[in-house]
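Given next, in structure tokens, is a single chain: the form predicted on its own.
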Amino acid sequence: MISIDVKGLSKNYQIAEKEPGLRGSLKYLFLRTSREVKAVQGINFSINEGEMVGFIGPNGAGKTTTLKMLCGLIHPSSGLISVAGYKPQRRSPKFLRKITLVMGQKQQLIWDLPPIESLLVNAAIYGISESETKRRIKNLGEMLELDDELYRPVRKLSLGQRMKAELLASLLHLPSVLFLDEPTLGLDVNSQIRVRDFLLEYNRKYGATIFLTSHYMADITSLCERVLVLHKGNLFHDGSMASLTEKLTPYRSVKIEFSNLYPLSEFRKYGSIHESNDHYVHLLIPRERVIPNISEILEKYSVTDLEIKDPPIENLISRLFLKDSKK
């Protein structure tokens, strides 16, 4: 069953332009001009219940704008959105009980109070009974490895502990659709791993749909089999990470070590030589030629070690984003 359905979604903003100085200020006051910025341009995608999908793109690509439209915080300029069977822009109470939005750079916990106080307030807002509130806090707290931290002032918690407490507060009403915007922002490696493990467990236990945006590719690769890439407001890719890699690079990296010395010129026919030394060559071979070329190399040469892999996905994504920023 489809949990999130987006058709022809677009968002345009009118941005007022102002020249510097007194003349610019007077002109801005009486003869104001503006230009249209197309933040999101006619994107389409569907996400099934229980699916975990990564949403990536450079700063300014339209990711946060899309998230806010999916949550109903801003209205689209055109297009249709359905989330958990509801139209987000109506912001109905039933819809709000189905979703949550977690933003790594925002906090809802009160700084000078322990998290448990904010949790009790959230429970009252959602009309959760006292016994059910205790049960949920206990279950989610165990999943997040939170215990005494819930009873210490937020200002005395580490960043990792605060982020986990923020997650608990956002999930106390057990939403079925999670919109996560940089949930591991600023966390150390161990804290990032704990948050990812929790999200996997929450997904398995409650069958929640998770829509995740992050600049940490480890978040995406470890949690999401499917990834959406937004590029200048357009949907550049919708599919697996493997198919994204194929789209971004037409070659595979092949590193070979030999027991004997061979003329470097013999390997030019197999691919582009990236680097080499006496007993080693690093080739970049077109994907469609990897199997026949490697088979021939193994037959003709004395190979002691062989490594075949795709270039790191972080490098490919970074190169795509860099290209985007220069245009």
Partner chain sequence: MSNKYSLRLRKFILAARAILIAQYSLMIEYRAEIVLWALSGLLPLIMLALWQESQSSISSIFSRDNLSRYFISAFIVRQFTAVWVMVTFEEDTIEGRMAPYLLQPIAPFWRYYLSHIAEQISRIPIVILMLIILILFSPNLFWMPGLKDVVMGLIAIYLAFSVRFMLHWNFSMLCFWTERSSSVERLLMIPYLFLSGLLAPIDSFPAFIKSFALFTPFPYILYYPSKIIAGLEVNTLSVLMTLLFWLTLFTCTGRLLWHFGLKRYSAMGS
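C-alpha atoms forming the largest set that superposes within 1.5 Å between two forms make up the rigid core. Residue numbers count along the first chain shown, from 1. These figures come from a predicted structure and were not determined experimentally.
There is also a form predicted in complex with its partner chain; it is not shown, and the following applies to it.
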{"property": "Per-stretch contact check against its partner chain in the predicted complex, the hit in 230 to 238, 136 to 144, 200 to 208, 97 to 105 (non-hydrogen atom, 4.5 angstroms)", "result": "97 to 105"}
{"property": "Within 4.5 Å of its partner chain in the predicted complex, all of L157, R162 and A218 (non-hydrogen atom)", "result": "no"}
{"property": "Partner contact for R152 in the predicted complex: its partner chain, 4.5 angstroms, heavy atom", "result": "no"}
{"property": "4.5 angstroms heavy atom contact with its partner chain in the predicted complex for S77", "result": "no"}
{"property": "S176, heavy atom within 4.5 angstroms of its partner chain in the predicted complex", "result": "no"}
{"property": "Proximity of C71 to its partner chain in the predicted complex, heavy atoms at 4.5 Å", "result": "yes"}
{"property": "Contacts with its partner chain in the predicted complex - residues in 11 to 37 whose heavy atoms fall within 4.5 Å", "result": "Y13"}
{"property": "Post core alignment: N48 C-alpha displaced by 2 Å or more between this form and the one not shown", "result": "no"}
{"property": "Rigid core superposed: N59 CA moves 2 Å or more between this form and the one not shown", "result": "no"}
